[in-house]
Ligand SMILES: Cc1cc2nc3c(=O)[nH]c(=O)nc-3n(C[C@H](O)[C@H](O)[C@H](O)COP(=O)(O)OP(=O)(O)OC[C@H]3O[C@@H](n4cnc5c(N)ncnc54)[C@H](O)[C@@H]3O)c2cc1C
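One chain is shown next in C-alpha cells, namely the form predicted on its own.
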C-alpha cells in the first residue's frame, strides 16, 4: 500500500506507552494519526512496571485512570545486598501495573479517540517521511518513533557512551504467581537486590503476581535462564522470593545491548522525526522512571507538534525535563553494579533509613508547571 502525504498527518511507530499516548493526544486534537503496532494482540514487554507519581499525573492529564487497571500501590523501597536489608517509605506512592494490561488500555483509548490502529504491521525501516512495513509503504508528514528499546533501520540511536566504555547488559523479565505468604512478605515495596553481576527489581503488579526483572552484565550470564535463576537463588533473599512460585510466561522477556544513559541531542535530530520514550532517553532501570519518561515525551511531542515546533525544539524541551534525572540515575546504576559498593551503601543506609527515601526523591523527574 502506498499512501500520499496528507497535510498534518502523523505516523506513530510503536504501540507502547509513549506511542499510544502520543497517538491519543494527537487524535484528540483532530490530527490524522496512524499508529503502527507490530504485535497482533496483547503481549508482555520487558519493563519494571513501576508507575511513579509523575507517570500517574501524566496519565490522568489524559483522562486515563491507572487504578482502573488493577494497579497495586507501591509505597516503600527495600534495598537488599547480601545479608543487609534497608527499607524506607517512598516520598510519594507509586503503582505496580502490568504493561500488557496498561498498553492494551492505552491502545484502545487511542483508537477510540480516532487514531488508525494498524496491528500486526511491523515497521521495517524509514527514510525521509516514508515508513516501510511488512504490508507496504506509508507516507506521513511527521513520524514519531516510539519503538522502545528496539532500534529501527534508518533511525538508529547514537551510542550513550564512548566505544569500549559501555558495559554490555542483558535484561530479563518474568512474572511469577506467588503464595499469600510471599505476597505479604513482599508487601507494597519495590525491592532492589544487588547481585554479583548486576541487580534485580521485584514488586507486585497484581494480586499474587510478582514482576521479577534482572539486569545482568553479559560476562556474568551463565548461558540459560534456569542456570541464571539457580545462580541468583544462592542468595537467601531471592531463594525465599522464588520458593514455590510459578513462572507465568513460557520464557522470559529479554533484551540486550542497550545504551543506558543516552539522551537525544537536537544536533542528532532529523527532519520530521520525533523520538519518544526509550528512543529519546534511556534511563537506568533501578529508578523506575522509564514509563514516566515515556509518557512525558509523548505529552511534550504532541504539544510541540501541535504548536508548530520541529523535532529540535521538542528535543531541547525534553532534555531540560529528563536530562538531570538520567544523569543521577546512571550514577546510582554504576554504584549499584559494583557489589562491594552496594554492600557498603546498604550498610551505611542502615544507620539512617530515611536517607533512602530522600535518595528516591532526588532521582524523580521534574514536575511540569
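Keep in mind it's a predicted model, so treat the numbers as computed, not measured. Positions refer to the first chain, counted from 1.
Unshown form predicted together with this ligand; subsequent notes refer to it.
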Checklist entry - Quick one: does residue 288 come within 4.5 Å of this ligand in the predicted bound form, counting heavy atoms only? => result yes
Next on the checklist: Using a 4.5 angstroms cut-off on non-hydrogen atoms, would residue 38 count as touching this ligand in the predicted bound form?
Outcome noted: yes
Checklist entry - So, in the predicted bound form, is residue 277 in contact with this ligand at a 4.5 angstroms heavy atom limit? => result yes
Next on the checklist: Using a 4.5 angstroms cut-off on non-hydrogen atoms, would residue 182 count as touching this ligand in the predicted bound form?
Outcome noted: no
Checklist entry - Each of 18, 149 and 213 near this ligand in the predicted bound form, meaning some heavy atom within 4.5 Å? => result yes
Next on the checklist: Based on heavy atom distances of 4.5 Å or less, which listed stretch (86 to 94, 269 to 277, 67 to 75, 225 to 233) is in contact with this ligand in the predicted bound form?
Outcome noted: 269 to 277
Checklist entry - Among 176, 221, 138, 260, which has any heavy atom within 4.5 Å of this ligand in the predicted bound form? => result 260
Checklist entry - Looking at 195, 129, 255, 186, which has any heavy atom no more than 4.5 Å from this ligand in the predicted bound form? => result 255
Item to check | Stretch 26 to 51: residues contacting this ligand in the predicted bound form, 4.5 Å heavy atom cut-off | outcome: 36, 37, 38, 39, 43, 45, 46, 47, 48, 49, 50
